[in-house]
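Below you'll find only one chain, the form predicted on its own, shown as structure tokens.
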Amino acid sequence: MAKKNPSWGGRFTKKPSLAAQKFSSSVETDKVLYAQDIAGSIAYAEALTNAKVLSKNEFKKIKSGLNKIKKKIDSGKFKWSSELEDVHMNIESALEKEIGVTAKKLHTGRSRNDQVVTDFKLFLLFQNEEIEKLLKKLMLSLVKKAEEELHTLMPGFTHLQNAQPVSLAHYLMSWHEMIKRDLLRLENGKEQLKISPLGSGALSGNRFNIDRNKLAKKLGFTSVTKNSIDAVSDRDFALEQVFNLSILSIHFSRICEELIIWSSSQFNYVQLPEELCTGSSIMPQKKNPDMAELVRGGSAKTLGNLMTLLSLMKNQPLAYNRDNQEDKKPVFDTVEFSIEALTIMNEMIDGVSFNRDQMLADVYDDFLTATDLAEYLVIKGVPFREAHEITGQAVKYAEDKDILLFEMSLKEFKKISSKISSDVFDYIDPIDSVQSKTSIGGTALKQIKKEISQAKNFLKK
């Protein structure tokens, strides 16, 4: 039998079994919250002092003791105990050993229910700073790459089939737009993370005249929760975090999928950095895009973590339930993967190089300007559906002759439609096609330059 738990064992005559102790202990997971737990405890001790629950001397002892414990944990000298269940009780028990009976006053009016939500939110705010920093770095790398590739033409794809010519810079900025949305989602999510639950107690509030607003600001929160029952049982912020990072990981997976395909010998569009590739244990010639594949594969677990968290919350009555001990593993796992994947993505984008000649050759080796021919006919007064039909006939004719549209003679074009004149060749050249897409968000050079300029201004904010 295990030792009786000092935080709640007063009304028990029997001790928890070792199996129950092992099954219920979360310290191996939640000990990463120690810095936030200690910061929250120091701030709460100060609030208790302001409320005349603690003397100034008692506050000094608590603060000094907690800082000593933090130094021990930072240095790796702290011994964690599964018997004490979680990070909170490990630190509280250590504090009692450090400063004596005064430590027992720290939990006055505070429950592990509001304590853990506070720690959780502070931890995610801290982690988001690193994620956002890496996202901005990635966005800047994409902008720089786009500037280098303004004049590089490549096929744009739909259904993974050659569709229309675009600038490679335009393609890279499409990745930038995806990542920008991820950044904005995380920034919006911080509004919920910055609402402090501390002072809610177990579920009904706090009787000790704690100044919750002052306490919240001390910890970096911007406001406080308005209902104590909701405050201790709410995990929407965790769901939003995992949801936002799941979308981020999907974007990474899609980008990696394209880089994997483009690095194949069949495409030969990119060379990935060697330090992010591996060889084969049997085929000496291989250069495998393993890091891109691992990012693509790892994104699957963020989706699984999201479903775990949604399933965890869906049947819980208010207020706090022990089920919520299981909320941290999926969140921590997703956060850890996101930071690791972002680090790899930054290295990948920084180090990738593009085979401009191959991209250009593919642009001039297909019917990528067929839509431009149809639009040319529209300009000549032909209704679009008729223009579409005529263009289809031109493509079929060129295929039968084993030539491309721009290789057809004016005489051959006129056989298909009398509306076609010599100026048609200005429309079906890939360079002219790209430059003609001048609508906002189009692939014309001047529009891409505007997009890059706007991206730079956004990142300066």
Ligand code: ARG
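Residue indices: 1-based, along the sequence shown. All values reported here derive from a predicted model rather than from experimental measurement.
Absent from the display: the form predicted in complex with the named molecule. The rest refers to it.
> Just to be sure I understand the contacts: of 138, 377, 154, 116, which is the one whose heavy atoms reach within 4.5 angstroms of the named molecule in the predicted complex?
Contact residue from the list: 116.
> Of 26, 436, 36, 417, which residue is found within 4.5 angstroms of the named molecule in the predicted complex when only non-hydrogen atoms are counted?
Among 26, 436, 36, 417, a heavy atom within 4.5 Å of the named molecule in the predicted complex occurs only for 26.
> Can residue 234 be called a contact residue for the named molecule in the predicted complex at 4.5 Å between heavy atoms?
No, residue 234 is distant from the partner.
> Would residue 372 count as touching the named molecule in the predicted complex under a 4.5 Å heavy atom rule?
Judged by the heavy-atom cut-off of 4.5 Å, residue 372 is well away from the named molecule in the predicted complex.
> Determine whether any heavy atom of residue 355 comes within 4.5 Å of a heavy atom of the named molecule in the predicted complex, and answer yes or no.
The answer is no: residue 355 has no heavy atom within 4.5 Å of the named molecule.
> Are any of the heavy atoms in residue 320 no more than 4.5 Å from a heavy atom of the named molecule in the predicted complex?
Within the cut-off, so yes.
> Tell me which stretch of 106-114, 93-101, 156-164, 276-284 has a heavy atom within 4.5 angstroms of the named molecule in the predicted complex.
Answer to the contact question: 106-114.
> Which residues within 72-97 place at least one heavy atom within 4.5 Å of the named molecule in the predicted complex?
If the 4.5 Å heavy-atom criterion is applied to the named molecule in the predicted complex, 72-97 yields 86, 88.
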